[in-house]
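Two versions of one and the same chain are coming, encoded as structure tokens; call them structure 1 and structure 2.
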Structure 1
């Protein structure tokens, strides 16, 4: 397979699908609205991706892979510095990459990707696909939290971890609403929002 160059049909389809899936959800977005936005033919989607579901999988994986890699890289850096990192340091490595793409993406692309990540957990049909895309990250961070909080049982840490992810998802989905934790896309404001969220989540994890 040839790697997609800029303006490629596949890339045009993925870009349009990413934006529309993020805005409207997966089930509510028709292939016809995607081909209108991408300015391609309807048959091109089936030629390149096979079906709507395979397009959804490809869209999610393209969004998730850089985030998972960044999360694992930050955790590895933290662990290399301190053999036993604090809960705050682990949560920072876990939450920062997803929030940072909001302003690292070119134009509105970052906000779109953030919403798409959040949307992976809002539709029951889609949730397994999203869980699969983020599985490696989830397992690694849950293990790190168990080492940092050895007094808490696995089941307790599991539902707390789940609640922290739920908070991240909410922050991502509500990133453009008034009174959101993330007020604007500036690097300084994003860094401050990450600290607020880490602090809030760490207090709950230790409770």
Structure 2
């Protein structure tokens, strides 16, 4: 086995865990399979992460952090320019980062991240971890949407928001399918897909 630095070993483990958790789910992924894929030993996993449970938390947080940061940055920019932004502007700030970060320019890893996001919505063991990882973004965008749509109740906006997230993950996970809304990872194709999704989601949020 080739020796790796502290950071390299962590990255190897996280890369392997991300791939396997996305493909197989938490329950079906063993530490042994991660060890093989990462080309490390069990001691390395215990040293860097402590347990399989802590490893899935670290894996999801690594995936979520750049998306959350980009979403909040885009929303802040929109609000700085327009103190009362439109629903469309809010949704654009929410949807664009995931499509640009997870899909655009990341090749196979982008699809892996999309599948892991899907696991965060459908697998009971992972769902609360994903919810926590995206909690700051979710609450911030719900607040912004509430301000843009003051006549709608919080509970109504929450379930509509949930449907928008489900739509986004469906689009991301289907990126490699023949009839996908995203047919390639070019900037122009990504921008066009974002606009289509924003238009569709905004109509649902306002109804």
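If you're wondering where the values come from, they're calculated on a predicted model, not measured in any experiment. Residue numbers count along the first chain shown, from 1. Rigid core (definition): largest C-alpha set, two forms, superposition within 1.5 Å.
As for origin, structure 2 is the form predicted on its own and structure 1 is not. Relative to the superposed rigid core, the position of the CA of residue 92 differs between structure 1 and structure 2 by less than 2 Å. Core-aligned CA deviation for residue 113 between structure 1 and structure 2: 2 Å or greater. With the core held fixed between structure 1 and structure 2, residue 166 has its Cα displaced by under 2 Å. On rigid-core superposition between structure 1 and structure 2, the C-alpha of residue 43 is found to move 3.4 angstrom.
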